[in-house]
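Listed next as structure tokens is one chain, alone, in the form predicted alone.
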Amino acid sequence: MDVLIVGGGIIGSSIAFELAKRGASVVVIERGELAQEASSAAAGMLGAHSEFSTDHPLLPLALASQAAFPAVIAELRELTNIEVGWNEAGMLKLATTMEEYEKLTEHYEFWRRIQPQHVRWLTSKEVADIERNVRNEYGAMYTIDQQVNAKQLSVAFAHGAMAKGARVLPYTEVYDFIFERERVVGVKTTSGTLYAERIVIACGAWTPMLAEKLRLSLHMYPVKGECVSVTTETPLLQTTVFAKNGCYIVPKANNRLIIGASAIAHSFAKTVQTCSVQHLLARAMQIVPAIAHSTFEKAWAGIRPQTKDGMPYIGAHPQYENVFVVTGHYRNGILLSAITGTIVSDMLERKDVPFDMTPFSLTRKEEGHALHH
């Protein structure tokens, strides 16, 4: 085979889709079900404008990925008949304190300078005219940011890849690599050995364990994100509401609201703490008081891959040039999935990539690049 991808989340599946479209022979190995970890736990926001408030190195990729989604989703729908819950009602970025208001104003001014057509400042009255159930004292930044059903999009990428000839091997775990003459030529799995010209490791927070087999230390750690969902008799929101304090409320089909998310570093435990549920609901009710009368549906947790400097790793192994590592997208994996598939495919084909990938290399000198909310 041409390319073997370890990891059946949205990043691995988006790479498989793009490579399969280009005619490559691709196999995706997933230790469980497709999109079972962070990909299915996410709320599905494509928040390029709400997430970034400075000239962050990820910004060009985020904007390019966001712009690519309409065409990608149309292509996936035609190939798979899977609906991904595309919603382009936009997003309200709110402040809940005077300190947050000052930061939100700076956030808005950043975007007004570079993309004024995609953001708008709203007064409190204008917010009430758009979302009458939102409590807001400071005004808000409106952005064009869309949202999707994250799990459905992940599955659509995988099925799109299969429609183009890729093979997916679920419930198959990679536990080591096969070396010949100082080159990695395959993997050892729980179902036997597989050989490939090139190997992509894209298994999220679990990537460092495999990378260690290749004498590669990645400065990464897991971050547990907990979410809850509620349902209401009538729709409470049209737009996604994202408070500057990190709380977001995402309206889904059938009057369902996803409320997120906690951020508990260094935890692989997918349990949900009672205090997290209480905290999430309290913050959501502060923003949308009517949520107090909603029906609790469920709570869940996903394990996000975070890096020490907040940048994903996207690049070739420094010693084994046919091995690529793609991980560490943290909470932007859904947003960055479309462009990551294209970029990694270009890199594997040794094509020029129209972005500066230096900040994401596996051998970069790490500096502080944490995202600002």
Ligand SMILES: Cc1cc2nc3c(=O)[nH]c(=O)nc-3n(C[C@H](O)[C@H](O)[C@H](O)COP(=O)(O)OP(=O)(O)OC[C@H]3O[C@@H](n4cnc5c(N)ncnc54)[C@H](O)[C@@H]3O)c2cc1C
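The numbering used is simple: start at 1 and walk along the sequence shown. Nothing here was measured: the structure is a model prediction, and the numbers come from that model.
The discussion below concerns the form predicted in complex with the ligand, not included here.
Using a 4.5 angstroms limit between non-hydrogen atoms, His49 is distant from the ligand in the predicted complex.
Among residues of the shown chain, Val26 is not one whose heavy atoms approach the ligand to within 4.5 Å in the predicted complex.
The shortest heavy atom separation between Asn322 and the ligand in the predicted complex exceeds 4.5 Å. In the predicted complex, the ligand sits within 4.5 Å of a heavy atom belonging to Trp206. Only one segment in the set 58-66, 32-40, 311-319, 344-352 has any non-hydrogen atom within 4.5 angstroms of the ligand in the predicted complex, and it is 32-40.
In terms of contact with the ligand in the predicted complex, the residue from Leu210, Val168, Ala196, Ile73 that brings a heavy atom within 4.5 Å is Leu210.
Contact with the ligand in the predicted complex, defined as a heavy atom within 4.5 Å, holds for exactly one of Ala261, Val127, Val155, Val84, namely Ala261.
Of all the residues from 1-30, those having a non-hydrogen atom no more than 4.5 Å from the ligand in the predicted complex are Val6, Gly7, Gly8, Gly9, Ile10, Ile11, Gly12, Ile29, Glu30.
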